[in-house]
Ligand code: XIL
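The chain below stands alone, shown as structure tokens; this is the form predicted on its own.
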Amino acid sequence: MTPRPVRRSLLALPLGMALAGRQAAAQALFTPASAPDRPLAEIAAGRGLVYGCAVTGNLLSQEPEFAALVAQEAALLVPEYEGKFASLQPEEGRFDFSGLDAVLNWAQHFRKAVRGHALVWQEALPDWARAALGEGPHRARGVLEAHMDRVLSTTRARIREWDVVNEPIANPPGSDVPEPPGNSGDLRATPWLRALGPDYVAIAFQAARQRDPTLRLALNDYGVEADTPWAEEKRQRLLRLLRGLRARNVPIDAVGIQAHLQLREAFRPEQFRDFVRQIRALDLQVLITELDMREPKPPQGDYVARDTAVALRVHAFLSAAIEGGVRTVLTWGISDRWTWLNREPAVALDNDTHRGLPYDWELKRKQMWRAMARAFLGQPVG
């Protein structure tokens, strides 16, 4: 069998390499020799790309192996939770930057950039803010502006990009995440929508720009990557929102595509590449902000087969993203040992662990790491 048909057949198996006769081909792909032995950030930088990952202050301070991996591999960091509303303002008017400062201080020491996540989101809201948003638009706008006043002035010297609005798009019927009632057109039902109406997205971006004219402002969302009817509808909803914001001259600079990928979902590279290009045509940058891979339940095949399936999908996804114009890629963590995929009951595997990040539980580079390196280099799978 020649190499090219083998690659096609492997890519055609969205759930992995469980079929008989695939093992030898799986072992031949993404070997250690298939990518240079250099950090991902260095490999990416060679093509004008940026690689980074999500971190927490606790892991950086309490897990030396985690900190060493991040220091070695990443050029850009994003705090998993330390920049969210509930962490920064747990009580009205009482701000706590200790967690975020821990990340920022570590990043400064190791000369890493940090992006902020996230100013306006329906989750990670403290009870007091949720209650305040129910007191009417004037009160809600005051809460939003007071939060931005303090957060953006405090972080201005060290964070030059923020996810201003996170996950505003409603999930279409058929998605994995049921949408609660009360959405407004393409926007999901949230306390911010109920308080300020559909203009809350524009209000948030305008407020951020007023407080920092040179800050890069991003909108971040998920569920737009797969080749499924509901993902296509969500892509169209996101494009409608972005076009509407641009038509009204709302200040927005970038779009983050989270890329919490699911191996069981079909993926068509040219479809995703063209979607990225449609966003870029609006004069917006596009980032991959939270990349990881969720395996099906139960996972299919042994570890080599599973890792090959993950690597093939990640390579196809990143190659399409980069071809479309993406220049920044962050994974949501760096090792399977600490991923939310194995902590969150709704997505965790029974009696097994997801293998959806570049390093495994033993902190060894996986086929996914080599797939990412080859995608950054613009190289085929093998």
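The structure presented is a predicted model; accordingly, all values stated were derived computationally and were not measured. The first residue of the sequence shown is number 1, and the count goes up from there.
Note that the form predicted in complex with this ligand isn't included here; everything after this is about it.
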| query | Do residue 106 and this ligand come within 4.5 Å of each other in the predicted complex, heavy atoms counted? | reply | no
| Exercise: residue 73 in contact with this ligand in the predicted complex, heavy atom 4.5 Å | no
| Heavy atom to heavy atom, is residue 344 within 4.5 Å of this ligand in the predicted complex? | yes
| request: Evaluate residue 81 for contact with this ligand in the predicted complex, applying a 4.5 angstroms cut-off between non-hydrogen atoms, and reply yes or no. | output: yes
| query | Which residue among 128, 267, 97, 121 has a heavy atom within 4.5 angstroms of this ligand in the predicted complex? | reply | 121
| remark: Of 141, 158, 260, 216, the only residue with a heavy atom within 4.5 Å of this ligand in the predicted complex is 260
| message | Looking at 161-169, 278-286, 97-105, 148-156, which stretch has residues with any non-hydrogen atom within 4.5 Å of this ligand in the predicted complex? | response | 161-169
| Triplet 117, 332 and 340 all within 4.5 Å of this ligand in the predicted complex via a heavy atom | yes
| task | Using the arrangement in the predicted complex, list in sequence order the residues of 210-235 with any heavy atom within 4.5 angstroms of this ligand. | result | 220
